[in-house]
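One chain comes next, on its own, written as structure tokens: the form predicted alone.
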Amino acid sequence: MALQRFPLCRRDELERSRVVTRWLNDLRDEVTAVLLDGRILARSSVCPRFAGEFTVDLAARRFRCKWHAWEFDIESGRCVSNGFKGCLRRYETDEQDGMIAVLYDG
């Protein structure tokens, strides 16, 4: 199946805030894009433990669940606070005409 593009945010919006979170209905997922060391990283920002919301700490390079305090490394997506072995879903991104989109092949 060909990759589909789902618009997430404008490049200038991400450059201003360094973090943009949006619910993408077509993916049935909340996606957070971060600008980290000049790179755009996009991950699911729904905690695998009961779908809690995240806060983002760019200095620590962590997502943190507001409900249970689970922490995930932004770059790898791995849980770093307990024995959970899973990772947050990573999304590839693409930029065209200043619009950043999430790419998905599902």
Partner chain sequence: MKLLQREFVRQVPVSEAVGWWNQWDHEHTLVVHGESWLDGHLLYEDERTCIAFVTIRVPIFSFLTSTATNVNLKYDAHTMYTINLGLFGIPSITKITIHEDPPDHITHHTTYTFFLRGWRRLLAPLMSPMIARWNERVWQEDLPLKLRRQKMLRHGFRDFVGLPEKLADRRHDGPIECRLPIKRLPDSPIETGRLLG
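What you see is a predicted model, and the numbers here were worked out from it, not measured in a lab. Residue numbers count along the first chain shown, from 1.
Below: the form predicted in complex with its partner chain, not depicted.
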| query | finding |
| --- | --- |
| Distance check, residue 57 to its partner chain in the model of the complex, heavy atom within 4.5 Å | no |
| Close approach of residue 62 to its partner chain in the model of the complex, 4.5 Å, heavy atom | no |
| Partner proximity in the model of the complex: residue 46 to its partner chain, non-hydrogen atom cutoff 4.5 Å | yes |
| Partner contact for residue 30 in the model of the complex: its partner chain, 4.5 angstroms, heavy atom | yes |
| In the model of the complex, residues of 60-93 near its partner chain [heavy atom within 4.5 Å] | 66, 67, 68, 69, 70, 82, 83, 84, 89, 91 |
